[in-house]
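Take a look at this one chain, the form predicted on its own, written out in structure tokens.
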Amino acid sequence: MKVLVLGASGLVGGNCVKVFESKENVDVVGTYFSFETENTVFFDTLNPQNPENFNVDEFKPNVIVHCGALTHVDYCEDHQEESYQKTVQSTLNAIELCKKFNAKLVYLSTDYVFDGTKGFYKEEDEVNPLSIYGKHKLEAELAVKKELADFVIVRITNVYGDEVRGKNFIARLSVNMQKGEPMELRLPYDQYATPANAFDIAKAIWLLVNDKKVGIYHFGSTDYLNRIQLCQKVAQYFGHDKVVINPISTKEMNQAADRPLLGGFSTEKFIKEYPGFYFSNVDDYLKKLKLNSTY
């Protein structure tokens, strides 16, 4: 099997490379666009004809995992064309690559395709995105389903885990708290989700790819937390008396993009197919971070 991971310098993409590389008879190439990491090669998903691109024609992938997108939700609201290019157009280009090589596409989506009035969303629930980011992710989803027969759409949310840049919410908080410096955090108490570890996501994607599954799958852990509760969990392991957490409503935050307040996923479909799979939780990850802390 030959796997091309687009956006491998990011959190999920990097973990996908790690998991796929550990499997026998799997050849993996991970690409970057704007941020280079060790063992990634350049590929411009907005311009597949860029002469600087990795030679995909020579590699001939069987599977393409598309992890790249513009994920800054408020920025997307004010930069709609850039959001379209980096989320929708990049996916259309990935679709064309899949057609060219008769490859399977794994596309990563989000709970922002829902309006957040329900929570614990199942795959068959009605979509209703509130933001430009959510609308573009859904538009890309629809293109995948329309143009390809062999695809997996994986919806994820509040992803955390090990990554080079440590950009995710839990990683940033844990590092900043360990420094012992004063922190004052204004966080919404009314946004709920099911945080998932990127390494678990990558392992689950491998199962779907290896077993030739097709369709939409929701991934998430057993945690169902708002941002205050998530921050409090980190503080239990790394907090100090200079950490101040101020709960506010989403409305008070006055963000450019509307958020789905009751988000998150039911993993019932995936667990029925893989009953032995374990989605780890935030405490599992924080215990590991605490054990390996260098501060």
Ligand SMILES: NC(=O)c1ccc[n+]([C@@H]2O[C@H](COP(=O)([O-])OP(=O)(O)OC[C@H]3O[C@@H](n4cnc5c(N)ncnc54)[C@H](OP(=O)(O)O)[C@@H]3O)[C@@H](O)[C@H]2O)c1
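Because the structure is a prediction, the values reported are computed rather than measured. Just count from 1 along the sequence shown to find any residue number.
One more form of this protein should be noted, the form predicted in complex with this ligand, which is absent from this view; the next part is about it.
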property	result
Position in contact with this ligand when the complex is considered in the predicted complex, options 108, 202, 132, 193, heavy atoms within 4.5 Å	108
Selected contact from 76, 159, 113, 94, since only one has a non-hydrogen atom within 4.5 angstroms of this ligand in the predicted complex	159
Residue 68: touches this ligand in the predicted complex, heavy atom cutoff 4.5 angstroms	yes
Interface membership of residue 137, this ligand in the predicted complex, 4.5 Å heavy atom rule	yes
This ligand contact in the predicted complex: residue 16, any heavy atom under 4.5 Å	no
4.5 Å heavy atom contact, residue 3 and this ligand in the predicted complex	no
Interface segment, criterion being heavy atoms within 4.5 Å of this ligand in the predicted complex, picked from 256-264, 233-241, 25-33, 56-64	25-33
